[in-house]
Each structure stands twice: as structure tokens, then as C-alpha cells.
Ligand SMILES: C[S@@+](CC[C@H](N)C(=O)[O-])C[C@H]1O[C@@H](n2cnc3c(N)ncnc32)[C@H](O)[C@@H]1O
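Take a look at this one chain, the form predicted alone, written out in C-alpha cells.
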């Protein structure tokens, strides 16, 4: 998939920052148990928390509560996000770490220097996903693992993608797996319907409508791949 213009990407980043400034007020996230959430997500990749033990782990587009914050058994944790310095609530990492405000398309790391890379719900926020995948491949060591997740959509929803200004890019599940397969060896993939839990009492709120609509069309596609 080709990149988008700088203006389009910048607009989506402003929306991304606003989301993280207000996300705990949104109905699906008000009572979210974040550690429990990550413990339920990891099996989608066919791995457990032990998979990170002793490895140098990179999280690209980590956000303020990304998976990188919950793998404290890693040898070193690296988090990179273009908005990292702007998040109002940033979790503190313990142990060997590196935190950088940077882009997935230009990772400030040496080639063949990372054992495991995470890009969770982030590739579709980037200006140029193909360039980002190439950069992730560059920094991964031979045989290194990449864990990816994005929200995917059915083909019939394509005419409505313009409504989603938060994400510059959209894929069907097969198209996304194919995109990753151009750069990596795909080891496994799984697509499940995305379910945003919105209490009935809050269905009337305009802030809940996008999540209710999302329940009709959004899936989550998980890919585990190797360099």
C-alpha cells in the first residue's frame, strides 16, 4: 500500500492524540482492565508472556499503554511513537529501556539489532506502511519475530473508508496478510470480529455511535511473521 500525503497523516495524528487524551471517557474503555486485556490478546499470536523473556523487544506506535509496558521479562524494552512526548499519562518502564519519539518509517536503531518487534494497531496510522514494514525488517535480527494487529474491514465497506479520518489506511484481512507477506514470512494469522462493549444506557450518546457502527464492520487481524 502506498503512503498518503503529509497533510493527511498529520490530520490523523491530531485525531490520534485527541483519542489518547480522552480515551478513558469512551464507553468501551471506561472499565478496561489493561493487563487482563493484553493477557487475552497474546494468544492470538500463538505466544504467551514467556515469549518475550530475555529478548530485546521493540514496540512501534506503542501509545501510552502498549504491550511493551507489560513485558517486563524482556532483556530490554524499546518504545517508539511519534506522539510519545505528548501523551499526558505515560507509564514508566522499569529495567533496561529506550524511549524515543520517532516514526515507523525511519526507526532510529541499528540494523539487525532487535529480537522481537510489536506493531499493534499502529501500521494503519502511519504515513507509509510499506516503508515501515521495510524498516522493521531492517532492524530485526535474522529469524526475528514481528507481531502485528490492525483493524480490518469487509470489501463492501470500502466506499465508507473516507469517514474514518483517524486511520489513513484500511485493509481487508486477506489484503493485510498479503501485504505483510511481501516483506516477511507469515507464520500465522487470525481474524476475529471486533466487539466494542457499549452499555445500552449509553447507546444514545453520539460519542458511542462510532463504536456501535464499528461492531457491524470492524474485525481485528493478527499476524505473526518472521524475518
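Numbering follows the first chain given and starts at 1. Here the structure is a predicted model, which is why all the values come from computation and not from measurement.
We do not show the form predicted together with the named molecule, though everything after this point is about it.
Contact annotation: residue 152 falls outside 4.5 Å of the named molecule in the model of the complex, judged by heavy atom distances. When contacts are judged by a 4.5 Å heavy atom cut-off, residue 60 counts as touching the named molecule in the model of the complex. Interface residue remark: residue 38 is counted as part of the site for the named molecule in the model of the complex, having a heavy atom within 4.5 Å. Contact check for residue 103: a heavy atom falls within 4.5 Å of the named molecule in the model of the complex. Of the candidate stretches 91-99, 119-127, 152-160, 71-79, only 119-127 has residues whose heavy atoms lie within 4.5 Å of the named molecule in the model of the complex. Taken together, 13, 66 and 83 are fully in contact with the named molecule in the model of the complex: each brings a heavy atom within 4.5 Å.
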